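In structure tokens, one chain follows: the form predicted alone.
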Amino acid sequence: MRIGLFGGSFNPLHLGHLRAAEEDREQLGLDLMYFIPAASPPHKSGDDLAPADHRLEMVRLGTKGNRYFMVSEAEARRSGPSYTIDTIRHFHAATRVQSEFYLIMGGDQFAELETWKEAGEITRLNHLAVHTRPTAGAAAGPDPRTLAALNRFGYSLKEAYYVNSSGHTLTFVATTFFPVSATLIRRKIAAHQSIRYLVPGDIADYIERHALYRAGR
């Protein structure tokens, strides 16, 4: 079984996340894609971070109806910083069927991977898939910011992907660019502007109902 692990703050989950996950799943031939909301992302400030239970529920709402999409509470229920290496070890230990794991991330995350806890072990334990946003007519591949990371972790080019000494691969997956971010959505909410069609309708309703991301809340 081929399983994708897609972590993040999802603050909130939006259509860009969902479309990238769907295209990653399709191009990598994944059997399942797990969305893993972080309770306490170590690389992000918690000043405007909605409570983990709310973000977990929004991910459930946004992924319902897609039989390939699953939601994991592994980080939301774990105390302390949400380190990716701990989540990877959790899935390796908890998954009963023999599986290959693909850690899904964006190009910015890959470029800063060396700052993550036990980064080298992350590359040794599973495959990596980096979704990219190439310009029209360009092939998927690393931008200049990621080239140093490729060297640091010992990846070498082999056909359409990279491989390191562990035998695990690194694949750059071209995904559709959506000009939307969680930061933009939070700013629109704070300015009392509509977020319809930037997030699934159920998530927009949930945010409104619970008054999330409003000033003073």
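Owing to the predicted nature of the structure, the values given are computational and were not obtained by experimental measurement. Each residue number is its position in the shown sequence, starting from 1.
Form predicted together with a small molecule: not shown, discussed below.
Asker: Just to confirm the contact call: exactly one of 99-107, 117-125, 73-81, 86-94 touches the small molecule in the predicted complex at a 4.5 Å heavy atom cutoff, so which is it?
Answerer: Flagged stretch: 99-107.
Asker: I'd like to check something about Y68: if you look in the predicted complex, is any of its heavy atoms closer than or equal to 4.5 Å to a heavy atom of the small molecule?
Answerer: Residue-level check for Y68: no, no contact with the small molecule.
Asker: Would S156 show up as a contact with the small molecule in the predicted complex if we use heavy atoms at 4.5 Å?
Answerer: No, no contact at 4.5 Å.
Asker: Would you classify H54 as touching the small molecule in the predicted complex, given a 4.5 Å non-hydrogen atom cut-off?
Answerer: No, no contact at 4.5 Å.
Asker: Applying a 4.5 Å heavy atom distance criterion, does I195 contact the small molecule in the predicted complex?
Answerer: The answer is no: I195 has no heavy atom within 4.5 Å of the small molecule.
Asker: Does the small molecule, in the predicted complex, lie within 4.5 angstroms of each residue among F178, T183 and R186, using heavy atoms as the measure?
Answerer: Yes, because F178, T183 and R186 each have a heavy atom that approaches the small molecule to within 4.5 Å in the predicted complex.
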